[in-house]
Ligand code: DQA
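Shown next as C-alpha cells: one chain only, the form predicted on its own.
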C-alpha cells in the first residue's frame, strides 16, 4: 500500500513552534520515523508539507491512481479550507485526519473541521505518535477493504 502523508501550514516549524504543545521532534525526523514504521508493515510512505493551500490541493490531485491512502494533518486549513475538502472528495482516496494537539481542548475556532465528517478516521491529541496510529489504522482499513472488496 502507498500512503501519502500531507502536512499543512506551520508544520515545518515542528520542534521550534510551541514545543509544549507540538513536541520537540522536527518534521523531517517525524517523517523519517513514519517511513520506517510503514516499511515494518510492508507499506511505503511519501510525504509532502506546504504552507500554501493550492500546493496541498495539487498534491491531493496528483495522488489519484498512485496513492492508496492519505494521512493528512491540515493544520489551520482544517478550520478554513473547503478547497481541501473538495479535493479529497474529488480523488476518492480514503484518508485519516490527524492533529498533534487535542483541538477539542483548544480555542473554539479550532474545534470545527471541514474534513472530519468525510474522513475514514480522525486522530487528535496523541502527539506525534498519532502519525504511527494513523499509518497502522490505514493499513488495517486497506487490508480489510482488500479482503472484502
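Residue numbers count along the first chain shown, from 1. Please read all numbers here as calculations on a predicted model, not as lab measurements.
The next section is about a form of this same protein that is not shown, the form predicted together with the ligand.
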{"property": "Option from 30 to 38, 46 to 54, 106 to 114, 81 to 89 whose residues, in the predicted complex, bring a heavy atom within 4.5 Å of the ligand", "result": "106 to 114"}
{"property": "The ligand contact at residue 100 in the predicted complex, heavy atom, 4.5 Å", "result": "yes"}
{"property": "Contact test in the predicted complex: residue 15 vs the ligand, heavy atoms, 4.5 Å", "result": "no"}
{"property": "Any non-hydrogen atom of residue 9 within 4.5 angstroms of the ligand in the predicted complex", "result": "yes"}
{"property": "Contacts with the ligand in the predicted complex, stretch 21 to 48 (heavy atom within 4.5 Å)", "result": "22"}
